[in-house]
Structures are given as C-alpha cells and as structure tokens.
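Only one chain is included here, represented as structure tokens and corresponding to the form predicted on its own.
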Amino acid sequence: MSRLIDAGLEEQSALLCKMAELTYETVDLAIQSYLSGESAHRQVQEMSELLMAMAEEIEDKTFELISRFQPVASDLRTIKSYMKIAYDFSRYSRYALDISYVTDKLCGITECETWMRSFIQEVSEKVMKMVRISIDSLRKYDVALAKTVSTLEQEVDKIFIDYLNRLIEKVNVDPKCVISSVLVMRYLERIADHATYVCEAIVYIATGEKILLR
C-alpha cells in the first residue's frame, strides 16, 4: 500500500535525475569549450542558472515533505540526502560556469604547450567519468558503482599535484596558460570532490551507512 509521502519522494527523485542529466551536459559543454577555445559562456550560464533554480526547488519540496508528512527515519534519510545531492549538482554547474568564464577571458588551452593540454584532457576525462558514475548510481541506487569513484578521485588528485610539480620545474611558460590551466585543473578537482560526495550520499540512502570515499 502506497503512502502519501511516496508520491512526493518520487517527484523529488524524478526532479533530481533530470537535474543530474542537465548537470552532465553543462559540465561537458564547459570542458569541451575550454579544450577547443570556443566560448560557450552564455549557454553555460543559462544552464547553470536553471540548475540553481532546480536545486532551490528540491530544497523547498524537502521542507514541504518534512512539514506535511513527518517522515520516519528511513524517509528522512532519503529526503535529506536528496537535498544534499541537489546542492552538489549545483556546485558542478557553478564550477562549469567558472571554467567557461576562464575560456571567455583567456581563450582556453588551445594556444598552450602540448603537455599542458594533455594533462587537462586526461583529468577532464576522469572527472566526466566520475560525474557519470554519480548520476548512474543515483538512478539505480547502485552502491557498488558509487564506490568506484574512490579510485578515480585519488587519480584526479594525483594528476593535479603532478601538474603543479611539472609547472614548478618549467621556465618561460606563458603566464596566461599557467593561470588558465591551474584554475581549470582546480575547478575540475573540485567537481571530482562533489562527485564523490554524491556517491557517499547514495551509499547512505541505500544502506544507512556513512562512509568516506575520498
């Protein structure tokens, strides 16, 4: 027998999944724009603003569900986690907007040295894989899949540190390339962190276990 709260939870889940796919598109657009040097700032900004509005809607519905139905512990765990995941998705979009701003002001990475582009390409592929894992594991409440982000998160962190060390060793590197690439690497590293937070929340929803995947 279905409960009154179940319809609200299903609505929250559907909105969160819709938000997730738009988030993926937004991050991917920002990254591809940076790699190609072609500005997509206005489009990324519009998508980011829509995602922020969706996150606020999920937050409003969360408080509505709590006030109307006085959820039991398991429902409250899900509702709370949905709101947290929505926040993490909104952070994806915020960093995507930051990446697009860098592209708009500094023309991406196309004019920088090949080794720099290779680092950005490698880390962006891993980050997009993490974003996809966070979305797919949410759709299925797939705990095993969610936990796979841990290895990728460590790899992203290592690439970021290796990149900084490589920059320190270099001389006569275009300052514009240094500023642009370090900012974008940092934004990508932060997106990876939030993908990990999402997967931790999914494990919590599915099992009630609080774990760290970082």
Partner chain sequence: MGNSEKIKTEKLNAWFGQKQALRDINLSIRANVVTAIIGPSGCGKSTLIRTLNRMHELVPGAKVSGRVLLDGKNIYDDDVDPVQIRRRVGMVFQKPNPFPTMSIYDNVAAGLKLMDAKKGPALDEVVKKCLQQASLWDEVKDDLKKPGTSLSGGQQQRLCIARALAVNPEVILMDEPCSALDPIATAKIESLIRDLSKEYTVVIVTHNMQQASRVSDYTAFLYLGELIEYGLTKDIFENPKNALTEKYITGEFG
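Residue numbers count along the first chain shown, from 1. Predicted, not measured: the structure shown is a model, and the values here were computed from it.
Heads up, the form predicted together with its partner chain isn't pictured, but that's what we're talking about next.
In the predicted bound form, its partner chain stays beyond 4.5 Å of every heavy atom belonging to Arg94. For the chain shown alone, Ser74 is a contact residue for its partner chain in the predicted bound form, at least one non-hydrogen atom being within 4.5 angstroms.
Contact annotation: Arg214 falls outside 4.5 Å of its partner chain in the predicted bound form, judged by heavy atom distances. Although the partner is absent here, Tyr197 sits far enough away that none of its heavy atoms falls within 4.5 Å of its partner chain in the predicted bound form.
Only one segment in the set 130-138, 74-82, 95-103, 115-123 has any non-hydrogen atom within 4.5 angstroms of its partner chain in the predicted bound form, and it is 74-82. Taken together, the three residues Ser39, Thr110 and Arg190 all stay farther than 4.5 Å from its partner chain in the predicted bound form, as judged by their closest heavy atom.
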